[in-house]
Each structure stands twice: as structure tokens, then as C-alpha cells.
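There is one chain below, alone, in C-alpha cells, taken in the form predicted alone.
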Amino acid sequence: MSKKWLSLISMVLAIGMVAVLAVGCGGPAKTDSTEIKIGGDFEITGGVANFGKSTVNGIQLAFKEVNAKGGILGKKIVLVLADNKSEPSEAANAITKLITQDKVVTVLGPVASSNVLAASQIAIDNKIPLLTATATASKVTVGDDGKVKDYIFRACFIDPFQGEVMANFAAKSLKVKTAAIYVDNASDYSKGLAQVFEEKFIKNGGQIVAREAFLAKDTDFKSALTKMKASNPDVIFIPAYYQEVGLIVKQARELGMNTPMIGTDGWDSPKVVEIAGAAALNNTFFSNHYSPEDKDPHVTSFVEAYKKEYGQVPDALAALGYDAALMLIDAIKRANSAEPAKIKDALAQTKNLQVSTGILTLDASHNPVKSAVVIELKDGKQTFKEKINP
């Protein structure tokens, strides 16, 4: 074979090797000429699937609305979903797939703080922005070293604010002096809220008379509840998710405990009523991100659009999903680019953005400054109790 042919074959092989390497490498690729791919790392199945589905519904509604108006940068915005099965290890697998295989430019989700923490380092390593609509644990956006995570953002208020809201509500609105705390030891979300609530409740002059713990997916809570009943607390604080909350409230009432019970946004699901029963949930309250009863025109407009699309009133997770999508849409427009680094910079500069739950500005720690509401459950229905500003 001549040297000329050998050189030609070598060149072809070299080009082929480069092409293979380009395909095999992870990280973002240039977006399709007609689409901007956004990843969705969500709890579609598993313990908090109801939350995942609501959040995705809110995102899809916002994307549908912007696409109907011509999209962003002349392109259609598309949500590519991956199911994390409500498990941290699966959240890591899901974001890896979205980044390396689906080539998304930003990731929305997950819902639970533990799942976001499992996924966030992968986003950071690949320089892909991750925007969670719902994860409230402080260390989601700020590491143990106190440094802000450059590529991680959120659309919801954080646990210290939420824990303080409920401690103040207990002391000032319910006017109670003693409290018991029942925490999910498997959840960063639950443990963080319990810590802040305890600190603020004591600071308000209250006393913690009992502390008990359970693990996610437990079903029998009567032993711990019996111990709490013996301590005779004025209120029981349960910072947990709806599946366990429903069973805890149901079993507490079966034990004759008529004590007020209070919680946080993890309670916000129709499933909690199905599990506990409407009557059992009387005299219970929880903090939340918005109320569909709010007469603000932006809230009203969102609620009507959601009801038209899905045939039901949106819960707070749907509202936060919608808000997170609006934050991302706004960032891409201001960046005038679908490049991850430029989207990241624009997200960090979010200021005075009108979303469904109010006016949103991100602080230096990538956390929104916004209001909270307290919801009361009456005969299984959510009713607006009061609004608390930051």
C-alpha cells in the first residue's frame, strides 16, 4: 500500500476517534436549533411523588404559556423529565443522565432537600445550573464551609424562615407555652426545621417538653405519641411530609390527643386528608408558600390558568414549580443566551420578579426574599389563616 493511501487512512481514523470522543464525553452540548432543553429531576414515583407531580405540572404550564407566545430566543423550551423515585441515590443518577445523555442546559428540581443535596455536586461539577422550586434546607445553596454554591438556586423560602414563622405562630397566635417536637430523622428537611423551631420557640419564652423521632416510611407512631401525650404539651410540631403526617395525626386522635398540631409545607397535599381523615385534621396548621384564596390578581390569574389546564386548584408545590419556571424563563431572556454559565449569572441577578406567589428577589445566598402564609385545616379544607412577611 502506498504512503499516500496510508496517510489518507490514518487521517480518516483520527477524525473518527475525535468524533467518538466527542460523543462519549459528558457535559452540555449545544442546543437544538429549535429547542432549549431543560432537565427535570423529579419525584415522579416514590414517597413524595404527589409533590413531584404538582411541581412538574406548574413548570409545564409556564413552559406552555411561553411557547404559545413564540418561546425564548425564537426557540421552544422543552422539559426533559427523569424520575428520581424519591430517593437521593436515584436523584444523582437522574441528573447524571439529564446532563450527559440528554444534554440539558439547566436542571429544575428535585423537590426534597435530601434529593437536591445528592444531585447538586454533579450539577456543580458539570457547570450546569440547578434550580429547585421547593427544597428549603439551608445547606442546599450554602455549603458547610459557608460558601455559596455558584450553580445552585431555589424559588422557595428557606427552613430558618419557615421554622421561625411556626415558632412565632405557636407563641403569638396560638399563645402556647409548651411544645413537643416529632421529627423525621431520615430527612435533612425535617431535622433542620426542628432545630430552628426549637431555638425560636425557646427564645419566645416557650419550653420543649418532649422530643421524639421516626423514620420515613414508618407506619406505627403510637408508642412515641403515647410518650408525648404523657408530657402534656400545648402544641405538637411535626416538620415532615404528608404521608407520615397523615398517619401521625390520625393515630394521635385515636389516642385521644386533641392537642393542636402544627407543621410546615411538607403537609401540603390532598393526600394528607385522605390518610388522616378530615375530622382528625381539625385544629392543625402549617406554613406554606401561598394560598389559592389570596385575592392578589397574579395569584388569581395563576389559579384560573392551572384549573383550566389540570381541572383542579393548584397546591403550593404547583405554584412554586410555576415560579421556578418563570425565574428560568426570565434568566434566559436577560442572558439572551441558552449557555449554562450565562443562565447561571442571570439567575443570580434575579430582582423584583413578579411570580405567582409575589415579588421575588434572590439574595446573595441564592435564596428568595418573599412572604409566607399559615394555613388552617377545617373539615379537610385549607383556609387562609394569616400572612407573615420576611
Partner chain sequence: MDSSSFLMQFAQQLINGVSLGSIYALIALGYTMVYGTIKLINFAHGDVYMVGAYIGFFATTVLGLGFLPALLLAMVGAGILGMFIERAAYRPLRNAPKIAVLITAIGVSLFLEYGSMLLVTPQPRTFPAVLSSTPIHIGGLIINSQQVLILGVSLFLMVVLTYVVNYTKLGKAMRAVSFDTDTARLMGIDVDKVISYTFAVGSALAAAAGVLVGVYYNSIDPLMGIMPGLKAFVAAVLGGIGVIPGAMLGGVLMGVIEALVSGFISSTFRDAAAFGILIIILLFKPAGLLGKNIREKV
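Computed from a predicted structure; not experimentally measured. Positions refer to the first chain, counted from 1. For the two forms, the rigid core is made up of the largest set of C-alpha atoms that agree within 1.5 Å on superposition.
The discussion below concerns the form predicted in complex with the partner chain, not included here.
The listed set I128, A224, I77, V165 contains one residue whose heavy atoms approach the partner chain in the model of the complex to within 4.5 Å, identified as A224. For the options K308, K147, K203, K217, the one in contact with the partner chain in the model of the complex, meaning a heavy atom within 4.5 Å, is K217.
At least one heavy atom of N185 is located within 4.5 Å of the partner chain in the model of the complex. For the chain shown alone, Q243 is a contact residue for the partner chain in the model of the complex, at least one non-hydrogen atom being within 4.5 angstroms. Shown alone here, A49 lies within 4.5 Å of the partner chain in the model of the complex, counting heavy atoms only.
When contacts are judged by a 4.5 Å heavy atom cut-off, E304 does not count as touching the partner chain in the model of the complex. Highlighted residues A213, Q251 and L255: every one comes within 4.5 Å of the partner chain in the model of the complex, counting any heavy atom. Look at 37-45, 61-69, 346-354, 360-368: in the model of the complex, residues with non-hydrogen atoms within 4.5 angstroms of the partner chain sit in 37-45. The single residue of 299-313 lying near the partner chain in the model of the complex is Q312, the criterion being any heavy atom within 4.5 Å.
Fitting the two forms on the rigid core leaves the C-alpha of P314 displaced by under 2 angstroms between the shown form and the other one. Comparing the forms between the shown form and the other one, the C-alpha position of K217 differs by 2 angstroms or more, with the core used for superposition. Superposed on the core, the two forms differ at G277: its CA moves 2 Å or more between the shown form and the other one.
A decrease of at least 3 Å in the separation of the C-alpha atoms of Q243 and S356 is found in the model of the complex, compared with the displayed form. In comparison with the shown form, the Cα-Cα distance of G143 and A186 increases by at least 3 angstroms in the model of the complex.
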